[in-house]
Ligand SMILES: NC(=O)c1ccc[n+]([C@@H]2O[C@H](COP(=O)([O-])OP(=O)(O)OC[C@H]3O[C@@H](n4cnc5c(N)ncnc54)[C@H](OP(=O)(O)O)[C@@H]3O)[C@@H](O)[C@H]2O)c1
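Just one chain is shown here, as structure tokens, and it is the form predicted on its own.
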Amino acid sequence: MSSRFTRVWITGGSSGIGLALARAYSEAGSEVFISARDPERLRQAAKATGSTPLPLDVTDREAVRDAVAQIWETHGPIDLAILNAGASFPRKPNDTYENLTRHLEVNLLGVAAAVDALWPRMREAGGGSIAVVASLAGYLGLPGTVGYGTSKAALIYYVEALWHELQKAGIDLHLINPGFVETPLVAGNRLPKPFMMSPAEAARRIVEGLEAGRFEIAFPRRLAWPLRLLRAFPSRIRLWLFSRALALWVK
């Protein structure tokens, strides 16, 4: 299948979903640029997928602006930016502030830096698409996800709140909410991981959703819909259910 996107930039492109997306879009005929912090892993990923590497730490706002400018001015406008870079940090007891700060810097502010760099250029070019990878973990306050889940919940709010403004500028904004995918990030999660899927399958669903122009791409449905249903429950019942589930998990 060919892609409607000529030039694609993917952050967090050296592993997991980002790597699988780079491979999928390269095979579909797009010119692909991938960014990540580790230059050597990024170089290997670029070689494996036929993409162009741009080493980048998304928490460095100036570097993010430079990366967007480098692609735009050297190769041409970015048709699709997939902001996939994310992290999950272990939390020590009685440490919510530092843990939350680290998660927000990468998972939320790293995305905001890229959106701010892309926005004026896409507006001047007459349009473009930005896809933000959040998580189903942002739907609810799941036990054991204080930093990660909070940052993803904030990211979901950020994308929904910004959608109208970007639409007025001619920019399509998309929200991607994956469930459990076999990635290094998920490997460190000690809780059960129902309906786990491969990065290649996750990438296939994302590509199909973006090609179709859907705003939210949430998968798998058999996990996404129960979580949406739980959001409608009174908070007292949700918290009780989670506490009971957590008691069973840690046995």
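Everything numeric in this text was worked out from a predicted model, so none of it was measured. All residue numbers are counted from 1 along the displayed sequence.
What follows is about the form predicted in complex with the named molecule, which we do not show.
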Exercise. Report whether the minimum heavy atom distance between S129 and the named molecule in the predicted bound form is within 4.5 Å.
Key: no
Practice problem: State yes or no: in the predicted bound form, is some non-hydrogen atom of D57 no more than 4.5 angstroms from a non-hydrogen atom of the named molecule? | Solution: yes
Quiz item: At the 4.5 Å heavy atom threshold, is H174 in contact with the named molecule in the predicted bound form?
Solution: no
Self-check item: the named molecule contact in the predicted bound form: A85, any heavy atom under 4.5 Å
Solution: yes
Quiz item: Of P226, G213, G29, P184, which one comes within 4.5 Å of the named molecule in the predicted bound form, counting heavy atoms only?
Solution: P184
Practice problem: With the named molecule left out here, work out from 68 to 76, 134 to 142, 161 to 169, 117 to 125 which stretch has heavy atoms within 4.5 Å of it in the predicted bound form. | Solution: 134 to 142
Quiz item: From first to last in sequence, which residues of 1 to 29 have any non-hydrogen atom within 4.5 angstroms of the named molecule in the predicted bound form?
Solution: G12, G13, S14, S15, G16, I17, G18
